[in-house]
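Okay, so here's just one chain, in structure tokens, the form predicted alone.
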Amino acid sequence: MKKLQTTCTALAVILPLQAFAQDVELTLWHMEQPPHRVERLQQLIDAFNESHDGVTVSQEPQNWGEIYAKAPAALAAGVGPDIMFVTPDFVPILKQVTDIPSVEGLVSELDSKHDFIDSTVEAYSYEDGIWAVPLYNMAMNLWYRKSDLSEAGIEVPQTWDDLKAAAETLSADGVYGLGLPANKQLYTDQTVYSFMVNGGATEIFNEDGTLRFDNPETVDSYTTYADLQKLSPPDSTSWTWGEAEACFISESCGMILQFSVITSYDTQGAGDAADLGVAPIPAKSADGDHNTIAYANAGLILSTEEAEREAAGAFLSFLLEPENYGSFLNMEPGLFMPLTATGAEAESFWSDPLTAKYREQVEGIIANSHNGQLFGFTSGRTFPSIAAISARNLIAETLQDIVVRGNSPADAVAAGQAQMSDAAAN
């Protein structure tokens, strides 16, 4: 009990004492590998286990580089997790491997209690079911230092032309004006698509599910991205999120596209909240909207046994309680945003020291996320074949065809659509 009281003090969790009729052990897989995120999740798991007699949840952190192959193989072998944190494009892959019951009833119950952002539920709603419980939102932003722009006489970039001009001006004295990845990896998928959604290339599919990736707007978006990428460090062709963030924190990059840099900026960088700038991704032209890529991450219940599903539902419900939700989201302050109305107002979210210190930036991220899009889940439609395209990072592969192999954007996009067609067919 002493341990429980200590945990509760640190996290301000609520403990709705609940007993289950039989002992249940649940394994949670997630890809939040940094030690401080694992530690925060463990604190919440400990609090849940202490307050729910008969249920034991344990976590097994995974990594994004392996999970698209590992999870389907584990499920096919019958040794997969009971709960898994997922993104929308991952669910169709898992549904092909195993039978996943709908959680429509649980989501409806939680929606009436907490009020989900509609689009976060829509991303998991198709084929006559709702397949996962939305948990946290992420949106890509443009990060910069206000003092760098001010000293260079640069306004915050609003358009693609502004961004190029600012990056060229900041490229001096060993600094790369803009850090953009060109690796065949999920991060590059995300940054490229953040340009596509501002270049009229949001829709990768036609309404009938056929591909429309190969179109002038996509080619224009890739042309602009590849041109800007020349202002990035040479090793950016192998970057994932961490390398881009390190370039910004070390002041080797003037600007980067990233979901958040708050934790590393505060602990390893200047830590000056007044100097950290965050802005929407620049639009193609002055009259364009500022869109971005956004992910509604969710909890997928993979167990099919009734007792295990009930316990898994209780765990996900526990995380969404406002008193616990802020502690959950702030396992990485500034990265994971609330997607419920009760969570957006939760004292447990805004009282976190880093979130409070960088409140201006966090509010900016939340505002940017309102214009979020995700490939394959646009215009209120869901195209499950995006899962095969996403799993092979074919958006990033198309960029590599330009940046690494030197092909023209038009040829690379045409080849990209051919690869996507093959992937979707198989």
Partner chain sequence: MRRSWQMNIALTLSLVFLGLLILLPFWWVVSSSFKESQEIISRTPTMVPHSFTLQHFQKLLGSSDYPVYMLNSVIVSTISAIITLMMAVPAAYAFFRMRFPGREVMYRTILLAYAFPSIVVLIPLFGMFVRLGLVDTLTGLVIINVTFALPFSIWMLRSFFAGLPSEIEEAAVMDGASTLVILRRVMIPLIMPGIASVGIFAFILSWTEYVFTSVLIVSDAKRTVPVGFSGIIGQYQIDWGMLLAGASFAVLPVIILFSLVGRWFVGGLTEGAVK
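Numbering follows the first chain given and starts at 1. This is a predicted model, so every value here is computed, not measured.
Omitted from view is the form predicted together with the partner chain, to which the following refers.
With the partner chain omitted here, the record of contacts in the predicted bound form names 66-74 of 396-404, 46-54, 66-74, 381-389, defined by a heavy atom within 4.5 Å. By the criterion of a heavy atom within 4.5 Å, G277 is excluded from the residues contacting the partner chain in the predicted bound form. A residue is said to contact a partner when one of its heavy atoms sits within 4.5 Å of a partner heavy atom; E104 fails this definition for the partner chain in the predicted bound form, lying far away. Although the partner is absent here, R40 sits far enough away that none of its heavy atoms falls within 4.5 Å of the partner chain in the predicted bound form. Proximity of S250 to the partner chain in the predicted bound form: non-hydrogen atoms within 4.5 Å are present. A heavy atom within 4.5 Å of the partner chain in the predicted bound form is found for exactly one of E203, E332, D352, E308: E332.
With the partner omitted here, the residue from T340, T224, Q190, S348 that has a non-hydrogen atom within 4.5 angstroms of the partner chain in the predicted bound form is Q190. Site residues V79, L186 and A246 are all in contact with the partner chain in the predicted bound form, judged by any heavy atom within 4.5 Å. In sequence order, Q33, P34, P35, H36, R37, E60, P61, Q62, N63, W64 are the residues of 33-64 having a heavy atom within 4.5 Å of the partner chain in the predicted bound form; the partner itself is omitted from this view.
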